[in-house]
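Given next are two forms of a protein chain, the same chain in both, each as structure tokens and marked structure 1 or structure 2.
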Structure 1
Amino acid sequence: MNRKKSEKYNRIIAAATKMFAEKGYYKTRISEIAREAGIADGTIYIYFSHKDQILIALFEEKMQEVLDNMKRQIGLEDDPLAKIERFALTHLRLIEDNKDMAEIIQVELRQSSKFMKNYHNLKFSQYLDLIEDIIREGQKKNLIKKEVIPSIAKRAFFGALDEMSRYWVLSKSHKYDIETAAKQINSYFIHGIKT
């Protein structure tokens, strides 16, 4: 549907992902992204008007991928509780497979509101809303307690996964694997909300 983005554009996004993850947005120099992408500094400004536009584009691109992937995965299940389980596993696997991106979302997304006035992260909201929708569906089917407030539950569940991700991204070695972590979190949460 989107026409294919130019190759240089993608090279810049890839280089920025690597550098931002490594050094953070502020400590990364435009010239470092250019070097990493194998192009001249000035070339970046043909594709992006300002440094912060690279970060925004990067968010949008990655989040779209993540969102599409998650929708596909959830679509494979019928049972809302199974969907929730799959959400957790898919999310954590994604983190494991995309550490750079995960680190940027963990770190830079959180401060982005400080320097990017009026940037609202729509994609991220949509991602969270996938959980909310599943919970509502579960409540309709009487699989999830009526007392559960979906907008709170989505944040609680996502927060649990997200904190787990932070640990994954920041620590070098881990005592347990992704599957175990996903299973544990699912177990707490599903027992906690199901009827």
Structure 2
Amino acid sequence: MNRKKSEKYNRIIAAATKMFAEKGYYKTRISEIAREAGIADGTIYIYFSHKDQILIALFEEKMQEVLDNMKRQIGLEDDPLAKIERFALTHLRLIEDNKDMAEIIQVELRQSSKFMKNYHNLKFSQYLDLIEDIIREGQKKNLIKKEVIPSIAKRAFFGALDEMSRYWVLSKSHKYDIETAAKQINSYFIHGIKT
């Protein structure tokens, strides 16, 4: 029974990801998610009491995957400055590799004022903290200026990546590739913080 529930749950999440990206969160009906998942409408309510819960669940699941992947990627580097570079490239490649989820995060979540005001995602905070940890490590190794405030720097760095991600999702044509964008952001940021 648990395996069947898990399969249906996963089908609901996959269907919701597709439908939210195609039609938008507000325009997608529960019945459309059910149809896409190949289940009865009522089955969704076994797992989720309303559509907001589906949005939160898919965001949490994707954030855990992203967090785990980012930890693996930056773990491949010893130099904090190289870790920053790898963070940027890995983050932007996620946009390229997960277009539907990127659309939901960059557009749909931001349009949900209820989500933005009331929902605190621990995994997202942990994701930002990876940047802060790298900056602190760089300061300990005298590679990053001591006057850099890690909690501000992490948001500035993520803000640049987030804006590039939003551009990538919303733009019909791209003048440059993900690697070029990552290198440019790294260059601006690293030259501003390194000793």
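Note that the rigid core is defined as the largest set of C-alphas that superpose within 1.5 Å between two forms. Fair warning: this is a prediction, and the values are worked out from it, not measured in the lab. Just so we're on the same page, residue numbers count up from 1 along structure 1's sequence.
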| property | result |
| --- | --- |
| Form predicted alone, given as structure number | 2 |
| Core-aligned C-alpha movement of H174 between structures 1 and 2 reaching 2 Å | no |
| Large Cα shift (2 Å or above) at K23 between structures 1 and 2, core-fitted | yes |
